[in-house]
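Encoded as structure tokens, the following chain is the form predicted alone, with no partner shown.
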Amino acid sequence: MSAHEEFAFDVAVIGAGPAGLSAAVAAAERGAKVVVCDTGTQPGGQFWRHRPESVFPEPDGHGHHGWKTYLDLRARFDAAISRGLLRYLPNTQVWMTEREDAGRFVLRLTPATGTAIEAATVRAAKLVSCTGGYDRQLPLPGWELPGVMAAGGIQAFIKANGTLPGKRFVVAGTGPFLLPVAANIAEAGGKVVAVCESASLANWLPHLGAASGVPGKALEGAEYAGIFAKHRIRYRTRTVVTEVLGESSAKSVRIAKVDADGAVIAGTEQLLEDVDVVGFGWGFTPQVELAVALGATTRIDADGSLVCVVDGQQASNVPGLYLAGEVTGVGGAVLAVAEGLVAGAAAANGEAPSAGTARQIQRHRRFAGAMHRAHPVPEKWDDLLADDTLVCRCEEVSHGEVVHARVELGATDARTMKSFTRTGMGWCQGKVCGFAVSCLSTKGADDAGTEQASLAAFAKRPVAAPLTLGEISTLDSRQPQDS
């Protein structure tokens, strides 16, 4: 396949993380001819990110959960490639999806890094989108300093490089994901000064029924508790970082206790010094842009994210479009694998999931809902912002400018805010600031649908990834060849 050639496939899969790997395997094992487009250079996605496979010794799965599942899926993935049923396109980003009159999906591709690419366009009868998500970030004073990272970015750095991006860490935000990040840091030799969890663990009490349906999560929690005890990691609940301090890079953080609404409790402030990396994680934002561009129906999930609606076969309202993983709601790798297997089978031959698989998905969905409700984004998170705090780092838009646009110019949704202030118009295209901008734009709105409309409008973008004018100029509308 060359950049100037096109081939038709039965099923195209976007992503090669837990959901994408599963979907590709399930479709290929049912005889479908499958293509997988993946931004990574090797399968695994963010969850199973590992060192380059050309490096010796081979990754042994240390620090990964579900590594046996990965190895099983990977062996079946490679077997499908060897049988000529699966084409893997690594380092490939889908920047636009559209449908032809015949209903076939057209995927426009660009290199994730560099300039080389195997094909600029792929066509397929069915599409399984497993685009995953990215770390949700909230602005606060000092978050633009070097040394401030996404919690997932720290973990990815360790998994990919086998080393640390610093020496002394503070991990802050909310949700169980903070635990493996801190554990990975400690096991790699770093010092975790503190883990600051904004929620109270008592929030789980109303959700013990949902939690008991996924006992494996309790075992993971016990494992992390052991690592925290071994490395003497301080786990502070109802605590947030209020400011990152430093002249040219992060040097210390100011922390404080918060009440149930996330408001700082006066007199509880502390300074944690000698910190060179601060990792923030406020959950994840599903990457729904490509599905939304095709017309997929969306809803607001329990964590406030915009997610896509699917049925029991992971089918969206768009004929031929199946969705799996974070794009249908953040719920973890086990759920993503189950959804991917269902989506791949359904895309290949319309097969319905077994009753056991359907129950497994339901149990994990219930657990995910409980997790989101136990670890909400603090309602008053924006109380920490000063007028000069940057909200959009790409375009250097301050909190004061955002408030002015909302109050004085009527920018009460993220898309209007974007037009007035350029928030979300930089290189990341709102992946970092989008959630915060939408919250700040709709603040005070009484209509429950306002938040969904704001996020949905922000997710609508015909170009889902940065690309060059040269790539646009070479677009063509040739009909596909038969493979």
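Bear in mind the structure is a predicted one, so any value in this text is a computation, not a measurement. Just count from 1 along the sequence shown to find any residue number.
From this point on, the text means the form predicted in complex with a small molecule, which you will not see here.
In the predicted bound form, none of the heavy atoms of Ala456 sits within 4.5 Å of a heavy atom of the small molecule. At the 4.5 Å threshold, heavy atoms of Pro378 stay clear of the small molecule in the predicted bound form, well away from it. Looking at Tyr134, you'd find a heavy atom of it within 4.5 angstroms of the small molecule in the predicted bound form. At the 4.5 Å threshold, heavy atoms of Ala343 stay clear of the small molecule in the predicted bound form, well away from it. Only one of the listed residues (Val241, Ala336, Val171, Cys392) places a non-hydrogen atom within 4.5 angstroms of the small molecule in the predicted bound form, and that residue is Ala336.
Only one of the listed residues (Phe105, Phe77, Phe284, Phe367) places a non-hydrogen atom within 4.5 angstroms of the small molecule in the predicted bound form, and that residue is Phe284.
Of the candidate stretches 228-236, 146-154, 301-309, 352-360, only 146-154 has residues whose heavy atoms lie within 4.5 Å of the small molecule in the predicted bound form.
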